[in-house]
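Consider the single chain below, provided in C-alpha cells and representing the form predicted alone.
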C-alpha cells in the first residue's frame, strides 16, 4: 500500500487528537479519584524517593555545568565591550527564569518520564494492571496519581537546588576564569536579582511536572501487545514530554511577563 503525504498527515493528526483526548480523560480520572480514600502515602513516598533523590546527582551536575558554560560565554563575549560586570546579573537571571527549571525538567523527562512509561508498560504486558482491577483497586489511584504527585512535589525542589548550584558554578568561573571578585559577584547577584525572577521559573515547574508525568503515564497505559510496544511507548513519552516542556516554556514565559507587568 502506497502512502501519500495527505494520508500520512491524516494519520499524524488523528494520533495527536487521540493523544490530547487521552490526556484529558486521564486528568479527569485523576481529579475524580484523587480526593477519595484510600490514600496510598507509602507509594507516594516511594515515588518521591525514586523521582527526587535518585535524580539529584544528574540535576546538580547539569545545573553546575550550565552555570559555568553560561558565565564563560557571557564573560568572553562581553569582555570585548567592557561588560564583564554584567555577567553576574545575566547568569543569575537566565538561570532563575529559564535554564534552571527547563534543564531540570528536560533531565527528568529523559530519566523519570522514560522510567514511568516503561514501568507502567511492563505492568500492562504482564497483566499486573488487570490484577489490580480484579482485586477491586483503581490503577489510577495506585499507579498514576502517586507518580503525578511525586513529580509535582519534587520538580520545584530540584529546580531550586539547580538554581543554587548553577549560580555557584557561574561564580566559580567568574572568579577563576574572568577575574571577577567573589564578593562583587555575590553582591551583584543579590542586588540585581528579584523575587519575580525566582517565581517566574518556580511557577513553570508545576506545569513542567504535569508535562512529564501525565504523558508518560498515558503512553504506559496504552501498551497492549507485547514488550516491543514498551520501547515505543517510552520513546513517545520522552519526545512528548520534552516537546511540551520546550513549547510550553515559551507560552508560560509570555504569561509570567504579562503578570509581572500588571504587578
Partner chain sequence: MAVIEVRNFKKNFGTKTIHEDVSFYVRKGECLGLVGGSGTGKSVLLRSLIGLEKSDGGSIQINDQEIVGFSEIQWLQIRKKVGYAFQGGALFDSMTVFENLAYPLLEHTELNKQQIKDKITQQLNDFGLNDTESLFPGELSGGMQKRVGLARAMMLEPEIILYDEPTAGLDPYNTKKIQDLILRLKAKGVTSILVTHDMPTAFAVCDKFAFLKDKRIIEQGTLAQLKDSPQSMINQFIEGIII
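Numbering follows the first chain given and starts at 1. Computed from a prediction, not measured in an experiment: that's the story for all the values here.
The protein also exists as the form predicted in complex with its partner chain; that form is not presented, and the subsequent description refers to it.
_Using a 4.5 Å heavy atom cut-off, which of 136-144, 99-107, 162-170, 80-88 contacts its partner chain in the predicted complex?_
Every other range fails; the passing one is 136-144.
_Exercise: residue 76 in contact with its partner chain in the predicted complex, heavy atom 4.5 Å_ = Judged by the heavy-atom cut-off of 4.5 Å, residue 76 is well away from its partner chain in the predicted complex.
*Is residue 198 a contact residue for its partner chain in the predicted complex, using a 4.5 Å heavy atom cut-off?*
Residue 198: no contact with its partner chain in the predicted complex.
*Consider residue 40 of the chain shown here, and say whether it contacts its partner chain in the predicted complex, taking contact as heavy atoms within 4.5 Å.*
Residue-level check for residue 40: yes, a contact with its partner chain.
*Does residue 131 reach its partner chain in the predicted complex if we count a contact as any heavy atom within 4.5 Å?*
Yes - in the predicted complex, heavy atoms of residue 131 and its partner chain come within 4.5 Å of each other.
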